[in-house]
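Taking the form predicted alone, here's one chain by itself in structure tokens.
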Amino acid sequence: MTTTAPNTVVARGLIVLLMLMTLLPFLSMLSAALAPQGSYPNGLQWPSDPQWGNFAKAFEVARMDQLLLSSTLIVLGVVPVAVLIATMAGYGLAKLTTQKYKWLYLVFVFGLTLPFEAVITPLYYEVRALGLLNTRFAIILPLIGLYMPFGVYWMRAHFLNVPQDLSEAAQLDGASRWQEFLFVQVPLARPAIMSLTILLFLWTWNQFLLPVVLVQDPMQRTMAGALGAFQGQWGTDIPLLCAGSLLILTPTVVLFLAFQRQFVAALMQGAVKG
């Protein structure tokens, strides 16, 4: 008991320190966003007269309503399709693949090593050849493919941890493979699917590189991608730029806080084990 208490205090102190270090940039952005327009905030300093209207101004000049719609359409085009394909592929690789075809999994593992920056140039020419340049499909279709290595790896790891007895019991009851997948495996995989959905939503919503390179119209990009055009127009107005950046961050923070229990539950179940 005498050694446990100091260790607990140290652990909690480190957690608080880490939390403060994480929140410090956001607090700095908030204080800068509340400064008068056209001024240059001097470090982390709460303004004497907070200008909350900067958020409304940033929402208006950046046309956040259109950006919200564009980001929502892109997310709806990417996340459900990517999660569906990753779930089916993960199940197939974990439960249906024989030893002869285990090398297919290595292809997806190799895909995890490829950064977006390494494929952006050939991707640009491919999208242009398909006639999809400067459309939302130029973002949606590549992201679905680029998310597959991680998505399949994530779901395969979950299905590997599901006892084989459940599959055998379903087959003894006369269930087909599709019935087993839909009514046995998918309900058990709900935490892993939920956490994968949250991750893909965050990555898609915050996607910056692909929208900037493949789409010229800022109103057809994600909110993070449109931030580049907003910065070019209002880069000298630091308070307005910080206010716009915080508005872009808000949906992802709210979503994570709303579904953090499901996300932690998937991690605790060992969703990435195996």
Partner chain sequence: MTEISSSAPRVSDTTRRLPLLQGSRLTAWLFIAPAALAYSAFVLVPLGMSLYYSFLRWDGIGKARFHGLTNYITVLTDADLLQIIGNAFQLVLYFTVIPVGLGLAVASVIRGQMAGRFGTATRTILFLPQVIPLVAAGIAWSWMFASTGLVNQTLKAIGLSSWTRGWLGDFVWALPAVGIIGAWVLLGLCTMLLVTGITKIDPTLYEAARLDGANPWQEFRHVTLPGLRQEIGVCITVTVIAALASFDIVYISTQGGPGITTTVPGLEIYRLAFAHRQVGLASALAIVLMVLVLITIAPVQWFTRDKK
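Positions refer to the first chain, counted from 1. All figures in this text were calculated on a predicted structure; none of them were measured in a lab.
Below, we refer to the form predicted together with the partner chain, which is not included among the displayed structures.
For L67, no non-hydrogen atom is located within 4.5 Å of the partner chain in the predicted complex, even though that partner is not displayed. Among residues of the shown chain, S245 is one whose heavy atoms approach the partner chain to within 4.5 Å in the predicted complex. Using a 4.5 angstroms threshold between heavy atoms, L227 counts as touching the partner chain in the predicted complex. Using a 4.5 Å cutoff between non-hydrogen atoms, V107 counts as a contact of the partner chain in the predicted complex. Here the marked residues L73, T135 and P187 all miss the partner chain in the predicted complex; none has a heavy atom within 4.5 angstroms. If you take 137-156 and check each residue for a heavy atom within 4.5 Å of the partner chain in the predicted complex, you get L141, P142, I144, G145, L146, M148, P149, V152, in sequence order.
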